[in-house]
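Form predicted on its own, single chain, as structure tokens, below.
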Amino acid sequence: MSVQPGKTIQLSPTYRLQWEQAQNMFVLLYPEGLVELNQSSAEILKLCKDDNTLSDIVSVLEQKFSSTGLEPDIINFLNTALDNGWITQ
């Protein structure tokens, strides 16, 4: 599957994004366990809420990190997240 640019992106209802103090990182919790996230992945998933689309997420992150050209990496991660069921559209 591929992320559809014009559709909103939501965290899947079976997953919860949470900061784990003991591990000093964000994780995705789900009934069978957890997924440890690096900083980039967590920043992207934090924006998978409300009515954010791919372009919204790219815009926010490029502004936040004073960078450009992040879209290919964001798309790559979101496609992986979609394939793993972490996000829905």
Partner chain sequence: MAGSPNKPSPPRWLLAELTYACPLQCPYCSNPLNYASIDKELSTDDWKRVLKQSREMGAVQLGFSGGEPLTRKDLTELVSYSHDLGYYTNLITSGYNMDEAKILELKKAGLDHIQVSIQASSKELNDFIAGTKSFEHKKTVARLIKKHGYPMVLCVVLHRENIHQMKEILEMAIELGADFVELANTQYYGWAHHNRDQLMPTQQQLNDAEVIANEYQVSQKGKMKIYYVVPDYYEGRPKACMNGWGTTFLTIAPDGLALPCHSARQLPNFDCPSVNDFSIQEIWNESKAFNYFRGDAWMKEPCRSCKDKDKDFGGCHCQAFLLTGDAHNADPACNLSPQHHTITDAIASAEQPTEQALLFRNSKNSKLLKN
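Numbering follows the first chain given and starts at 1. Since we're looking at a predicted model, the values are computed, not measured.
There is also a form predicted together with the partner chain; it is not shown, and the following applies to it.
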{"item": "Heavy atom distance at most 4.5 Å to the partner chain in the predicted bound form, all of 2, 62 and 77", "value": "no"}
{"item": "Residue 18: touches the partner chain in the predicted bound form, heavy atom cutoff 4.5 angstroms", "value": "yes"}
{"item": "Residue 56: touches the partner chain in the predicted bound form, heavy atom cutoff 4.5 angstroms", "value": "no"}
{"item": "Partner proximity in the predicted bound form: residue 32 to the partner chain, non-hydrogen atom cutoff 4.5 Å", "value": "yes"}
{"item": "The partner chain contact in the predicted bound form: residue 12, any heavy atom under 4.5 Å", "value": "no"}
{"item": "Members of 59-85 lying within 4.5 angstroms of the partner chain, judged by heavy atom, in the predicted bound form", "value": "83, 84"}
